[in-house]
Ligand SMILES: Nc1ncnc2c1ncn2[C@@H]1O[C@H](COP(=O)(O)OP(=O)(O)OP(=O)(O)O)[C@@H](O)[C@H]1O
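To begin, one chain is listed below as structure tokens, in the form predicted on its own.
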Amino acid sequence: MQVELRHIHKHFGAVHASNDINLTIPAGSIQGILGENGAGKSTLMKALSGFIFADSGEILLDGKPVHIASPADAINHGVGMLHQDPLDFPPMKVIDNFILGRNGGLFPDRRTAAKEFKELAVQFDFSIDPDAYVDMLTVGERQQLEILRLLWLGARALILDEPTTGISLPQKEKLFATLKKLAAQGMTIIFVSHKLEDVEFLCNRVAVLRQGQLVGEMLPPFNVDKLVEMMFGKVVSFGGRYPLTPGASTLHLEHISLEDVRLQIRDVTLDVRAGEVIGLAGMEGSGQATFLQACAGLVRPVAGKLSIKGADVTGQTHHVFKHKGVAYLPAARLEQGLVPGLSLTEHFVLAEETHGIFINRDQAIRLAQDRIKTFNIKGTPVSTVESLSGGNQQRALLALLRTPLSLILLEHPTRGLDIESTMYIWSKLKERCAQDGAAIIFISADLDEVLQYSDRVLVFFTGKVSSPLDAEKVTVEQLGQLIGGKGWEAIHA
């Protein structure tokens, strides 16, 4: 299905989020939409998929003007959108999520739906149990569920907003294979991203947005340097590594064992020193999230000893860990890290030490303005966190970190951030290591990021944990092999 956007405008207050966008996407193509955080990518796609209304402009599908007033309207016209954070209901079963949005009265035909679900899953080599609960699925599996649901509902144009954020390399490879297969069947794929390597590998055409405007389009072979310059309006220089000399012990794990409903982690011994950055790599669900939560006092070890700066905190609450200077930033921004409905100012006030029972509003506004400027958040002190783009939510979450800290624990710290923002955030985190002596442990699905910013790397595979690897001596390919369960004998030899 050919998709045309003509003279699309959208304002959010004084912000002109979509400024006279004109774009034609042929049927059967994989169209990349590139841009920095806040460039207007998601706004444009939400207008196409019925989640918001454009102030003016026209949408044409196969040459015919259409009025899309809601996501239901969009899917009826054959347009479906897979959001950066899957829009599903985790407490419900897969099959119940699958049939959402389908006309079927009060009693849908679950047996037929389950049969059609399995047929679709086999077609794309997805292994999802229709009777499993969604909260037991990985992010990649939740994406697969949403793709199957949109196809079942009749989507002929599929929009994916930052779909590779937070999924593992094997899951990304499966996703790309699926998208190429759909495009070969005549579907229109719109791939929204800020990751140049993903767009370069997958897409057969690219449009670049900057500050709400379409600044250019490109066909293969892509000139990556030119695309970066189009995204940011300038040449971006990629920084080198930030090696630091580690200081005294900050976190010490001695024969730690952990358990959750899926797996067991046994006998991990690790010493993390001040100023050091430890990267955790592995497929989602391999144990790295449980490990990080244990370091934050959110999961209690079933065996072993955990110390912070020499003080035994084994089995203590998260509040004790916070008092010792440990900060934990989760991957689920709106669900666990931020409070929907509260403004940026209110978040920054809540994150600070309290002095008295009354809040100085002028001082709170100045604090918010300073954090917004320091972390380059595209928002205002009165902006609610849910009104921000995903990347700006991540920056807001990072701006909540107190000073000083002993240990910073991060799940996907640059999730949803563009290249320039990623480099900036890591420069700020490395400043904390150099100036405050903070140690950092972080999870990332981006192996290049793990090797670029880590001093040492731990690899997780179904509960197994590698000995620490020197990030300067290991390659992305070696990490990929270990994450897939190969080559473990060599590193333990």
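Numbering starts at 1 and runs along the sequence shown. Keep in mind that this is a model prediction, so the values were computed, not measured.
Not pictured, yet referred to below: the form predicted in complex with the ligand.
- Although the partner is absent here, Pro86 lies well away from the ligand in the predicted bound form, with no heavy atom inside 4.5 Å.
- Interface membership of Val476, defined by any non-hydrogen atom within 4.5 Å of the ligand in the predicted bound form, is ruled out.
- Looking at Glu36, you'd find a heavy atom of it within 4.5 angstroms of the ligand in the predicted bound form.
- Taking the partner from elsewhere, Gly40 is found to have a heavy atom lying within 4.5 Å of the ligand in the predicted bound form.
- This chain appears without its partner; in the predicted bound form, the one residue of Ser389, Thr290, Gln171, Ser343 with a heavy atom within 4.5 Å of the ligand is Ser389.
- The candidate stretches are 300-308, 381-389, 199-207, 89-97, and the one lying within 4.5 Å of the ligand in the predicted bound form by heavy atoms is 381-389.
- Contacts between stretch 1-27 and the ligand, counted in the predicted bound form as any heavy atom lying within 4.5 Å, involve Phe12, Val15, Ala17, listed in sequence order.
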